[in-house]
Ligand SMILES: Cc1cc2nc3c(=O)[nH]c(=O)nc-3n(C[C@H](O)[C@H](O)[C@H](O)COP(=O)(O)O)c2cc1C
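A single chain comes next, written as structure tokens; it is the form predicted on its own.
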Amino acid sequence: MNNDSTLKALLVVGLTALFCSVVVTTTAVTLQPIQRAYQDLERNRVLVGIAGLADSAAALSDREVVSLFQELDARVVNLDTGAYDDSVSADNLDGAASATDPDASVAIPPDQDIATIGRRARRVAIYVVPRADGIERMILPVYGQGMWSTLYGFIALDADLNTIVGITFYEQAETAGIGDQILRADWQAEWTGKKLYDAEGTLRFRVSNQAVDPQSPEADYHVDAISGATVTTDAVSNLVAYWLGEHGFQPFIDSLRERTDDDVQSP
């Protein structure tokens, strides 16, 4: 074949493209378990931090993260029944995959889908910080659609299962300098001590678009929005309202709180 022929040039280009495609695909497949392990490690770093097991989770070595994570009691909650489900190990539960599996998830009624996620898994892994006489903290996964991305995070509750002790997000792709301000430590600190439900068990918590008056009855339940990031902070308010509401964890929380004090403290 003539070295200057168009056919040969196209053949060389095609073979080169095929070779590069094979290399890229092989590399991606090979690295996928490593990438997943790294993502899990960073998620667990966030969990260790919101669990209160370290003053600065970001400063921990990978080995320290793994060690502290093992101190958490990972449990599975069946959101359909509002009870623990010991038939499934939290280690074997892939929440993201379950949420898209028709057999492992349920469609969210449109009028309740304020987090704009469409479906939710029937079983969800939660994390308990144990203490000698029961529970110190309970950490629940939350997620929902933001302005540009799905926001994934955790909310930590005190032993009364009503007082917020922490909120954090480990995955988001909101506008830099605006929506991503939900990661600000000072804003997240405002959540500490806020209540979810009133004495009648009604969910009252929300992120308010107006400045919260410290003297207002709503001050116990409201957090100020971030100026300029209204859409993202509204999304955060909505995802918390969904996951801590009737179609989320509220039946589970109610069932625990209806027990005796000793039972509530025991996972």
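Heads up: residue numbers just count along the shown sequence, starting at 1. None of these values were measured; they are calculated from a predicted model.
Missing here is the form predicted together with the named molecule; even so, the following discussion is about that form.
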Q) Could you tell me if Ala219 has a non-hydrogen atom within 4.5 Å of the named molecule in the model of the complex? A) no
Can any non-hydrogen atom of Gly201 be found within 4.5 angstroms of the named molecule in the model of the complex?
no
Can Ala74 be called a contact residue for the named molecule in the model of the complex at 4.5 Å between heavy atoms?
no
Checklist entry - Should Thr175 be counted as a contact of the named molecule in the model of the complex, where contact means heavy atoms within 4.5 Å? => result yes
Counting only non-hydrogen atoms, the one stretch of 130 to 138, 84 to 92, 145 to 153, 192 to 200 within 4.5 angstroms of the named molecule in the model of the complex is 145 to 153
Partner-free chain; cross-checking the named molecule in the model of the complex, the single residue of Val46, Val212, Val65, Ile226 with a heavy atom within 4.5 Å is Ile226
